[in-house]
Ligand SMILES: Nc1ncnc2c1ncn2[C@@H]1O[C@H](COP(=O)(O)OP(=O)(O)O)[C@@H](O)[C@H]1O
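The chain below stands alone, shown as structure tokens; this is the form predicted alone.
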């Protein structure tokens, strides 16, 4: 993943920064390009990209009050992991220091970040159950993006986790110790109602519920939100969550009706950004790349992902 490069034009699209500001930052910083000629043909690797975006974007979008962002739905196939991957990688490209924690035994997020099943990695199971050090489980994906991976061992976490005191708070204790090290901590969950997912909910500052704009997803969402509200009431915690409409087909009447119902029932909880259905997001997962690494600047998917990332950054800076 570290072997992709961006030109100045793409940096402008990612950061929404004026060309003059980018040129000034590149000139003032110790930034080198892989092409010696001037102008838009100059390309920069991730490390140098982050030097620029840190000054142009990330430093102006702090402090961050909602650092821990969970992507959640107990319905499978909503596109949760794909959006989690895109958000995490683009936050890193924007200059933030990001940690991903994969809590799904299927390890799709770990896989798309380049971790194979045969790698002998420590996971959240080892941290929560075997008291492994977090530092021993961290994998550096590229500058600004770390991962605590997952594998099949997480299928065994429920029984020993349930036997612990204050079982729903074990992950929160781990994450709280990492808050000063990272700007964002992004959690991908499995599509179940489990003790491990309850840990993710308790640890979170904000829950991003990814919802397909389909009738069955809307029905499932009502159940999910009701369960969330009950769980948080039992825990004595004020919930902070939003709904991300995904796989929207603008020409489909059903999708329009579902989106209208989402807005009518949940109001401001629904994100302004709507992720349109697109093969490019699937291709990005197959290529194991952020969509900005290969798409055209006028790509609808690229536009949607950037809108979502910028909206998450804006909301994460607001007071609860």
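What you are looking at is a predicted structure, and each value in this text was computed from that prediction instead of being measured. Numbering follows the first chain given and starts at 1.
Same protein, other form: the form predicted in complex with this ligand, not shown, and the subject of what follows.
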item: Candidate from 288, 42, 51, 277 lying within 4.5 Å of this ligand in the model of the complex - any heavy atom; value: 277
item: Residue among 197, 208, 151, 78 with a heavy atom within 4.5 Å of this ligand in the model of the complex; value: 78
item: Listed range touching this ligand, judged in the model of the complex by heavy atoms within 4.5 Å, from 244-252, 130-138, 95-103, 217-225; value: 244-252
item: Distance check, residue 59 to this ligand in the model of the complex, heavy atom within 4.5 Å; value: no
item: Interface membership of residue 292, this ligand in the model of the complex, 4.5 Å heavy atom rule; value: no
item: Non-hydrogen atom contact residue 123 with this ligand in the model of the complex at 4.5 angstroms; value: no
item: 4.5 angstroms heavy atom contact with this ligand in the model of the complex for residue 26; value: no
